[in-house]
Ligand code: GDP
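Below you will find one chain, with nothing else, as structure tokens; this is the form predicted on its own, and questions on how it binds or moves follow later.
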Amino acid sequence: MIAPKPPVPAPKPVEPVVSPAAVTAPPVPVPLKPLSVKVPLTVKELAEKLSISPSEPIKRLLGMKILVTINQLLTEETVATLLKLYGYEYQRMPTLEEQIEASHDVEDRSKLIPRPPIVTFMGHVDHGKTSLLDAIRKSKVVETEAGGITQHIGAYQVTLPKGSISFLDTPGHEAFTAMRARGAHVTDIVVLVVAADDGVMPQTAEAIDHAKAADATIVVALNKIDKPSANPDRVKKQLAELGLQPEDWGGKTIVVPVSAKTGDGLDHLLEIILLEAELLELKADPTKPARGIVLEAELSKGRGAVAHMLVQNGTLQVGDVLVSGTYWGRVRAMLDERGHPRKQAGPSTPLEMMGLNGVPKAGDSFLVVPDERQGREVALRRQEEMQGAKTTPRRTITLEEFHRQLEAGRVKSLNLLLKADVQGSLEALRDSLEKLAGEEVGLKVLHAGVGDVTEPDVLLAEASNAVVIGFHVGLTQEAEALAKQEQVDVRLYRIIYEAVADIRAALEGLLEPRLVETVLGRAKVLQLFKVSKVGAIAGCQVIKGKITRSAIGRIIRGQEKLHQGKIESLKRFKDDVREVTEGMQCGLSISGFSDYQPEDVIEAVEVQSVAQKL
């Protein structure tokens, strides 16, 4: 009998050969093409740049719940998002204004020369600011100029044997701070005028706080020293209490006794100003195109827009084209403070200028541009930006905003302005708040005063990114309107602890989170295993607490900490586990380490980020 043949096995299906790279490699992304775009630009301009219909980006933005019109200016972020949808990578093209400003910012140190200091007088309303300015003007200007001053341009310059000084004739510290709030940093030295018979008054204290907030050098002019009731020592004591320690009392503040009435001490005051200017090393480059600041401006019948300006750098010449605010024009004529025509004006020179096509605001900067076409383009772009700014919310200065500013790394200190009903309450509030500050987070009280929150308070808060805290006080109608317009955070309290609690919460938001380590457990290494494809595994026994897979492993040999890394694997026998408790054995590996030895100790550490409390 013939044995049957064994059945022939069916052939195995042939598996397609696929390289590992083909399995794991992600699809190759199409590279974005770089596209330079000048921002801000309108939807229409962007559509023209992409050669598409304007309705397409409008629909795309509508899908993102952003409603725009064809002529609306787009932000940088929106432009970048849209371009990505069309396969382009946004590359920011500097605007014409930025290119011009960049050319102004280029500095050749070999061409820098000392410039006259720019000085502002501040002080209480009746302490003689105007009388002192007039006395200096008459003694130093009129003696060489018959007929005196014919032009009031908000500033004048005096020339002395040792140098020149430019004086700004501002109405008070409110105007000074209003200009600073608009970004106009003009003054180098503040002369604080204090009457020797009257002493420090509330407005004097306000002026000191405004000057300090602007980081200006302060020189004290002790006026009315000729009066029988003058008491210089009492005034110096009051100044010392406000942080202005007189030089003859061991401090750094120079106090100069003067009399606007008799002229005594004026020459010494001017010498001190020049000496302070020398220490500040004020310099400018007269060879550059001019830039500076508008002090005030008005529309004059027959002359058009007249701007009273101060050149800060470079030299302004008749025929130059300049832009100021949202206006532009060619310099038709310039006059000095005596009404004399000038063909050019160098650094720190005050002047009156005609030629702009509109009236700029006090505090607007001016900038010389190469030609009329560029001047018109910069002015029109600023007008468009101003229109766009009306529809976008302003940056607000609130306690909550500090949390966001911290994340952006822009802030490490909280500025406050305090007002209370009486001096005792004010001191209690200030003491309670200042105790909250520490090494890592600062708290700066820019001004503290008695009475309702007023317009100057809001102005100072706006210029200094401060929050206004009022205790048992009201808010004047004018201050309320200004705070609403400029979106300054004004908080009024009836209970001191509520104010302290709010400020503590803001400051705690500013503190860097603290990293807290907790040792979960310890294990002793008994044996070392080598496992293919895994590497070195430490066979351990948990001697205290527990070892978890989510923890950080720290290897200790004797007294030395050898290494720290994440626990990559944790096993009981052959099974992966989340944790192993005291008395049990396990195998574990730590990233970046393989040199385990018996008797090594492995600590399992949990690291937590904890918000700091004050």
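Quick caveat, the model's predicted, so the values are computed rather than measured. One rule holds for the numbers: they count along the sequence shown, beginning at 1.
There is another form of the same protein, the form predicted in complex with the named molecule; it is not shown, and what comes next is about it.
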- Query: Heavy atoms within 4.5 Å of the named molecule in the model of the complex: which stretch among 275-283, 253-261, 424-432, 155-163?
  - Reply: 253-261
- Distance check, K419 to the named molecule in the model of the complex, heavy atom within 4.5 Å: no
- Touches the named molecule in the model of the complex: H124 (any heavy atom, 4.5 Å): yes
- Query: Is there any non-hydrogen atom of T287 lying within 4.5 Å of the named molecule in the model of the complex?
  - Reply: no
- Message: Please tell me whether any heavy atom belonging to K236 falls inside 4.5 Å of a heavy atom of the named molecule, as the geometry stands in the model of the complex.
- Response: no
- Report the residue, out of R115, K224, H447, H308, that has at least one non-hydrogen atom within 4.5 angstroms of the named molecule in the model of the complex. K224
- Within 4.5 Å of the named molecule in the model of the complex, heavy atoms considered, which of G355, G128, G375, G292? G128
